[in-house]
Each structure stands twice: as C-alpha cells, then as structure tokens.
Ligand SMILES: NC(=O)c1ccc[n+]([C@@H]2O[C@H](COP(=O)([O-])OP(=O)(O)OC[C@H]3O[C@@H](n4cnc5c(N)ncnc54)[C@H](OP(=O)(O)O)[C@@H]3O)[C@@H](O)[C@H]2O)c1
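One chain is shown next in structure tokens, namely the form predicted on its own.
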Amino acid sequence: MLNRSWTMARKPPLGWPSDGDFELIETPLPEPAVGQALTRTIYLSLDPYQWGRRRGGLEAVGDVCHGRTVSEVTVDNGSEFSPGDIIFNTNGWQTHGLTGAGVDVFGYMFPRKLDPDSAPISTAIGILGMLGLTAYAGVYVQCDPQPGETVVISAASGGVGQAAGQIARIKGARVVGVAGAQKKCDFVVDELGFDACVSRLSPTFAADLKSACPDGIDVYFENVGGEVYENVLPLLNRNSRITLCGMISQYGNTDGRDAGEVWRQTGAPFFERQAVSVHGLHVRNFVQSHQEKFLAEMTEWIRDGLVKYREDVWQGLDSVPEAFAAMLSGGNFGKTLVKIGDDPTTAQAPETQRARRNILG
C-alpha cells in the first residue's frame, strides 16, 4: 500500500489557488518510530487560513499541505493510542500520516482520542473542533455580547459563522448574518435562528444592512473584510467590539499589500471615534485556557438543540484542490470537509462526489 499526498508544487503566486499550485504524489507508507502511530485519514478539514499559510511561506515546495484530520490508528509503536482508535490529529492532505512523539502538530492541539458514541467523528474538525473553539473564543470570550445587543456575523453560513451566530443568540443578543446566495441567508434565519440575514451580493447591500441593524452594531465577527467590512464600519456603536477572525475576501489580493494593515487603516477613524475594541483572534491562544469548558458547553448546546450545524462534504483525496478553491470563493455551504477514507462509525452508503449533512436538532 502507498501513501497518497497533495504537496506544494510551487510557492503560490499572488491571487487564488490554481491547478499548478499542488502536486499529487505517491510514496511508501511511513514507518512509525518508537512513541508514534501510523494513522489513515478519514476526514480532512479545509479552512481559509490554510491559503494564508501557503502564501506566507509557512509551507515550502514539496511539503505535504497542512490540514487537521480525523483518522484511525492502524499501526502502533508505543504511542498513547491503539489500533482501531479514532483520533483527532493533523495528517494534512494525505491518506496516511504519523501521530505521536516528534510529530509536529503546528502548535494548535495535541492529538486526542475521540468517542464516536458522544458525537459524529467529523465534528472533531468542525463544531466540536478548532472551528467551534474559534467561534466560542471570538464571541463568548473576547466580545461578550449582552442581551439585546446587535451582533453581526459575516460569512454567516460558513462553519465558523454558523457557530458564532448561534453562540451570540444563546447569550441573548440580536444576531444579523451576512452571506452570499439568498439560500444561505434563508438557512441561517430559518434553520439556525438568526434574527436577520442580508446578502452581500444584493445591489442594495449597504441599505439592507443598515435596515437590519436599526440600532447600530455592538459586536462584529469579521470573517470577510472588503465591502462587507466597509459597510459595517459606519454602523458601529460607541464601545462596540470586533473580533478579527479572518478576511477571506482579501486572501487572493494581487496588489502585494498587507491585508491586515489595510483593514486596520480603513477602520482607524471609526475605531477612534467610537472607542471600538478590536481583538485579533488566534485560536491556539485559547486551547489551554478554554478548550475543556468549550467542549463541555458546546456538547450540551448541541444535545439540547441550541446549536445546529451543516457540513459540506466532498469525496476522495482527488477532490481536495477543487474543494479548497470552492471554499475560498464562497462555493461552500457549511463547514468544508473531504471524506478521504471509510468511516467505520457510520453505515456505508453509495457516495457521490459531494454531499451536505445537516444536523438540525
């Protein structure tokens, strides 16, 4: 058996991913050293930050592309796991990988064993993983919305946006989403319980957003940047809070400017005038301090039907670059996952190239 991997074929040029950026290779299966285990990938998480890593030079030509995964242990050589265990780890864009001593997990979260009876295993790289912790840290910890305040969530139908908006609702806030296609807006209102959602694609977007926020904006969860951000700024109330999670609309910029610096310069006059608190969001800073509480609370919220989620699942390693490009361009509907190998915890059904799973209470 061989290991199949997507590697960096070149240093990414400015702009969005293209066919020449990645190369699919085959190599012998890696041998686990003492303290390590060999694992096969079941689910791979695709996230916007991964393109930022590549453009920023954190992955060199020939490196296996980074990505968090849910995997099954197949061979153990003295690690903390046993064959058959289902674990959260960081195999990246490949069918197999090593876990345990000396394996770099990129400083985000150490591998951990999953309990398939407590939640579907895919949630470990979704609502019960770093995605959910990101939303929890940004909304619950950093911005602390109060009952009756207005919270605006950009990219509201994406994985992080879904969770962030529902957490704000649990806190008693009025939640307004911003999404692309109208069907996404309908979903976050009708299924997730947002109070309103406006389409960034509407020719009257600025007026629509203002109408949806008649009392201004107290908390803004930033996933997008660009035009959405520019129309949020005039609506910020005094002492409002922003958590800067991402700027997906800017990740393909070709002008060479630093997107974060442009973002701050654009907002500076509004921040000063309205005494706005801006929080950078680096989820690794919250793993040690908040992961345990987050997992307990989020698991309870899901069980009680207070938090629902939607997954956008692609099939097979070959589909990864296409799925990645679609996610970056807004072509996803929910948390983007790729099913790399068989999931032993679910009944097997005929696979299509792409499926969407809803967990709606």
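Note that the structure is a prediction, hence the values are computed from the model and not measured. From 1 onward, residues are counted along the sequence shown.
Quick note: we don't show the form predicted in complex with the ligand, though the next part is all about it.
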4.5 Å heavy atom contact, N332 to the ligand in the predicted complex: yes
With the cut-off set at 4.5 Å between non-hydrogen atoms, does R169 touch the ligand in the predicted complex? no
Closest heavy atom of M247 to the ligand in the predicted complex, within 4.5 Å or not? yes
So in the predicted complex, is the ligand close enough to M327 to count as touching (4.5 Å, heavy atoms)? yes
What is the one choice in R174, H96, R241, R200 with a heavy atom within 4.5 Å of the ligand in the predicted complex? R200
Could you work out which of V283, I121, L128, A212 is the residue within 4.5 angstroms of the ligand in the predicted complex, going by heavy atoms? V283
Of 218 to 226, 202 to 210, 78 to 86, 265 to 273, which is the one stretch near the ligand in the predicted complex, taking non-hydrogen atoms within 4.5 angstroms as near? 218 to 226
Heavy atom within 4.5 Å of the ligand in the predicted complex - qualifying residues of 140 to 159: A155, S157, G158, G159
